[in-house]
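Here's a solo chain for you in structure tokens, the form predicted alone.
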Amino acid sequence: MSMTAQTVWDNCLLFIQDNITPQAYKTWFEPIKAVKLTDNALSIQVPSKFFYEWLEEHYVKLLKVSLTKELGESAKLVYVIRMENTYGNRQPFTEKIPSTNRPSTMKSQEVDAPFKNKNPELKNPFIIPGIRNLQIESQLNPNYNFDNFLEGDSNRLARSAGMAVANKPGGTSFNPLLIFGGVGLGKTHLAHAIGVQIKDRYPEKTVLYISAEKFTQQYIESVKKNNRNDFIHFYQVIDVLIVDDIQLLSGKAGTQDVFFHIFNHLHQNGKQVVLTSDKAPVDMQDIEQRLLSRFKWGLSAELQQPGFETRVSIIKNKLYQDGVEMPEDIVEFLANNIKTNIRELEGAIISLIAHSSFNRKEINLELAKRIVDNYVKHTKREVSIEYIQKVVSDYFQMDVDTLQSKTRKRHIVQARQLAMFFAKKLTKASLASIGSQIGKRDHATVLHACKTVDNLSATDKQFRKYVEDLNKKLTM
């Protein structure tokens, strides 16, 4: 190993250490080894494929800044992936990762990682209106595909409908296709998989994946810059529009109006619309009826919690992808103990592999129990506004109707304010949506409630106890 490579990496680490938490540094940077420095390209060795993906997902900007400081703007980073089998005493092995960034003669374990964000910001798309063949970045993640979206009873309808749409976009009765279900059940994965397959089968089609939050930000920006019509025109030239978390349009009248016009144009012209939501159309609050009726035109397919067999398959598939073996009893333990959320399940697997790899310990049941207890306990779950109202009402021994009523009795008003406070804290709903669901109040009332709770928590000991008790009940 060249001393130059080590010196460059050591200097990078000094910079990185100053910009992240000690735990993150210890977990993700201490295990890395500098390998060589060739033509301004620093090669570093990482212990596994998931490790490389995590760095690219979370720390690519930090790595870019630190390496550019050392080697200048032409700096490059190459990952050498040296995987270790964490079960038994077998020799380390390397994972072959295909790369489009290097010639086919590259060594299989090296991954050239040019500094670019995996999910680049969607550039302002409407500066050149009227140009149909504008090159539009799809924003799709190719790692989310049908091959690794495992079928089970919980997702069969949604997956089958997604496949039908991907094979014939705009040509099925599933338009729009609305995929809904709880947090971490694979809505985003399936939405990307549909887009990825369409791009593979129909390269000429313009496909765009965008979150409802990003769509809203772009719309607000277009209004500020007085180019709302250009914004609408851009979205009308899309062949397949995939909008994630459509429920986040709740309470945003302007954004809903512009989406309504875009949706109508696409649908009338045989273009495909795919939407995801954490709730069914009938349960969406503060979405205009004319928009909800259009959501119901096609198919609403629910993703439910996966059954035991599906969870086992998901675990085994994840382990296979990461090149790791795990005893059957530990696979079954994980499948039995993490039941409600696929994202949680995969996160626990990553944590388990990471602990085993970093500490050079075999994966055993004791380690699995520790990881699962720790991971599941500290994984933040988003709760619904409906659930928050029920918990607050039960705590103050009243029913939800009383909580939502117009009465100005002090204890009821305080309970209502606490419900609004926790809805803002624990959900992604807008202030308008929170107010509408908690007694049909406006956003100003919600804002006032949150300020009141903050003030009373700081000055009233009994009220502070209410906040602490409810926080435990809602986040445990």
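Here the structure is a predicted model, which is why all the values come from computation and not from measurement. For every residue, the number given is its place in the sequence shown, counted from 1.
Missing here is the form predicted together with a small molecule; even so, the following discussion is about that form.
- Proximity to the small molecule in the predicted complex, defined as a heavy atom within 4.5 Å, holds among 271, 311, 189, 252 only for 189.
- Only one of the listed residues (295, 235, 263, 149) places a non-hydrogen atom within 4.5 angstroms of the small molecule in the predicted complex, and that residue is 149.
- For the small molecule in the predicted complex, the listed stretch (282-290, 149-157, 71-79, 194-202) containing residues with heavy atoms inside 4.5 Å is 149-157.
- The small molecule is not drawn, but in the predicted complex it has a heavy atom within 4.5 Å of residue 184.
- Mapping the unseen interface onto this chain, residue 342 counts among the residues with a heavy atom inside 4.5 Å of the small molecule in the predicted complex.
- The shortest heavy atom separation between residue 387 and the small molecule in the predicted complex exceeds 4.5 Å.
- By the criterion of a heavy atom within 4.5 Å, residue 346 is counted among the residues contacting the small molecule in the predicted complex.
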